[in-house]
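Just the one chain here, laid out as structure tokens, in the form predicted on its own.
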């Protein structure tokens, strides 16, 4: 793969944010190029074997899910975390049937669990991580909560990298590119604490019976504007380096995933930046992870070659995303009175009323959770947890054999 070299890197404390890099050629020839990074397919394939792709889903079109699953490169493990309806129609069962069918045809490793499974909530409670549970000890509704479930399962599988893909993508080929872009980003990284965030080249809309290839979405423009303002007012130098504030398609190393805190719901992606700025930026009050500071954190922003066409969720969904994004910025430790005032003015335009944004509930790092025990508990007790690997279909197995399988990567 041939990827444009970043022309500029913004350094903020221990955080390096690389400027946008375009995908120039999905399949390159291995020639030296002073303006681009040529990454060998063999190098990308090595990363894919160490990568799990998490697909959070809630009542999406079942045909879109199938396309996404079939597009994810075979070498990756696929983890689907469903929060779909169980009644009056059991949408989760339909998703599980699709996953089973795709696995039977391809033999790709796939896992699925339902987010509201009581045994999933019990597993978190038993391991002392109740931060994503409601009063009934069930995992809360929310994209971020489902992503944490997926990350723990990826950790139990021994993966070094975790990527995310939305389940509502109409173009399966773009999903394949996303995963390859993740791998390329990790190939370029010099730090074990790195993140790859994707910027869609176009986000087409239907306008007067024609496709209009729109470059920016309303949520992205607004979130990026205020994340950059947060950085600019902290350094005293204006910047526009952040362009992936709401990147649902992103990936990170397991080492970075272990030390990150996570905001609830749809605010999780912009909070990635806010957390890194607050905890590892120039004005960090306390350094908790000295090894991270020494190694540095790299954020890659890659512009995809393929456009992104997904389900439209409506105006209310957009407003909720904007509120979540701006709330994380407003409550940042770096946010000064000037930025807060600007955020409040933006919220008046969005909500059509003057309202101080709420503090988002923050879930602490997952690094201390025993992921293998987490998976063992699900396997022993959950009716919705399913692991399909190499043609073997097992819902209940001996616990010791199950533990060995996660440690060695072979199902016994």
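Numbering follows the first chain given and starts at 1. Computed from a prediction, not measured in an experiment: that's the story for all the values here.
Keep in mind that the form predicted in complex with a small molecule is missing from the display, and what follows is about it.
A.B. asks: Specify the contacting stretch among 228-236, 326-334, 180-188, 81-89, defined as having any heavy atom within 4.5 Å of the small molecule in the predicted complex.
C.D. replies: Of the stretches listed, the one contacting the partner is 81-89.
A.B. asks: Only one of 303, 75, 166, 258 comes within 4.5 Å of the small molecule in the predicted complex by heavy atoms, so just point that one out.
C.D. replies: Filtering the options by heavy-atom distance leaves 166.
A.B. asks: State the residue from 157, 321, 132, 243 whose non-hydrogen atoms include one within 4.5 Å of the small molecule in the predicted complex.
C.D. replies: Checked against the cut-off, the match is 321.
A.B. asks: So, residue 269 and the small molecule: in the predicted complex, are they within 4.5 Å at any heavy atom pair?
C.D. replies: Heavy-atom contact with the small molecule at 4.5 Å: present for residue 269.
A.B. asks: I'd like to know whether residue 39 contacts the small molecule in the predicted complex, with contact meaning heavy atoms within 4.5 angstroms.
C.D. replies: Judged by the heavy-atom cut-off of 4.5 Å, residue 39 is well away from the small molecule in the predicted complex.
A.B. asks: At the 4.5 Å heavy atom threshold, is residue 121 in contact with the small molecule in the predicted complex?
C.D. replies: No.
A.B. asks: Applying a 4.5 Å heavy atom distance criterion, does residue 281 contact the small molecule in the predicted complex?
C.D. replies: Looking in the predicted complex, residue contacts with the small molecule do not include residue 281, since no heavy atom lies within 4.5 Å.
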